[in-house]
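Let's start with one chain on its own, the form predicted alone, as structure tokens.
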Amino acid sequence: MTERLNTIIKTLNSEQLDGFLLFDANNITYLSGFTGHAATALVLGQHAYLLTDYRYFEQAKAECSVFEVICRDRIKQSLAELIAELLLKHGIRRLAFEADHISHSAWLGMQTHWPETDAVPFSRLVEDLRYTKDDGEIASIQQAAKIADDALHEMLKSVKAGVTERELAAELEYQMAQRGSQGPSFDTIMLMAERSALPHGVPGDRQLQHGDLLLIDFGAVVNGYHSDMTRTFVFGQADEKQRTVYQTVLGAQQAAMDALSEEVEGLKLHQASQHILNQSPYAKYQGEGLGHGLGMDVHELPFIGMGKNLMVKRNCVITIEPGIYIPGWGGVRVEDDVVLTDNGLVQLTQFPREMIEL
């Protein structure tokens, strides 16, 4: 935590900023170690404060080693008044704030309490640090991926004719919880037959029938870090079209993986995958994006797709998830979590990628 905070302080100094006000919960956790809610962080030179209330005060003191924790009396003092008090105490003239994580109206209301301080909107100050992962972060994502792998293996035992999307989604989340997940990475996507053409559809009461596609997109959480995997199955024997679409998607994913042997622009990965999809009869049904960064947020930098020219650097953890979605027929997506290391690409999700008939 100290190294991360020192990096922020150096950036503030280089930008001639006296302080930095944080609102985003994950950014606060990343810098301070505090994993609760209802907190704001304030970095003022060599002084770092975590502002919370009685509900999280003891937890914050236990988790924050480099931040001074202040318990605000919510009845007697507003958050803006407490911040103003600290700005005055340290003589802060130029204050950066997380412009992407507070509404315009809320900020205007707060800023009236420190008219002598020049507020400077800032984006990606912490997110740029989170762009690449250290060994501990990668280990947490890998553990989350292992939980998801194992839970999927167990959940598939419940697949039978007549079972609903909602029932299978609940079973999968239960199996992840049994294995130590802090919760699902996001609301599990469990879609059958023609509904699998909905890239982010919500599980419903559709019952599984022989010949159906079954698309499952899900993840686990360990130490606040997410995994994210998609697998598409066929219940019963696959027909020729299902096999062709699946192999096309799998080939597109492999092309992107092959291109990630060294640091590369995300756009290059997208183009490698898109080249395979464009050669298929189903090119017009391909998804627009290829993947995204993964960490404390399930969707974070770098985003990979057309118009995205961010680099996939060493120790970036990303998803690679091409898909084909045909309205009225169904969809196929294959998604894995990978990290670029000094030795090339390492796949964190390990569930088999080839087509499986259940």
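Start at 1 and count along the sequence shown; that's the residue number. Since the structure is predicted, the reported quantities are computational estimates derived from the model, not experimental observations.
Note that the form predicted in complex with another copy of the chain isn't included here; everything after this is about it.
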Exercise. Is K89 close enough to another copy of the chain in the predicted complex to count, meaning some heavy atom within 4.5 Å?
Worked result: no
Exercise. Do Y282 and another copy of the chain share at least one heavy atom pair within 4.5 Å in the predicted complex?
Worked result: no
Problem set entry | A62: touches another copy of the chain in the predicted complex, heavy atom cutoff 4.5 angstroms | no
Problem set entry | Contact flag, I102 vs another copy of the chain in the predicted complex, heavy atom cut 4.5 Å | yes
Exercise. If you check G211, G204, G287, G224 against another copy of the chain in the predicted complex, which one has a heavy atom within 4.5 Å?
Worked result: G287
Seminar exercise, completed: Contact with another copy of the chain in the predicted complex, heavy atom within 4.5 Å, among E167, E265, E194, D118 goes to E167
Seminar exercise, completed: Within 4.5 Å of another copy of the chain in the predicted complex, heavy atom basis, the matching stretch of 80-88, 242-250, 256-264, 173-181 is 173-181
For this session: Answer yes or no: in the predicted complex, does another copy of the chain come within 4.5 Å of a heavy atom in every one of R55, R74 and H200?
Result: yes
Problem set entry | Sequence-ordered residues of 329-346 touching another copy of the chain in the predicted complex, heavy atom within 4.5 Å | none
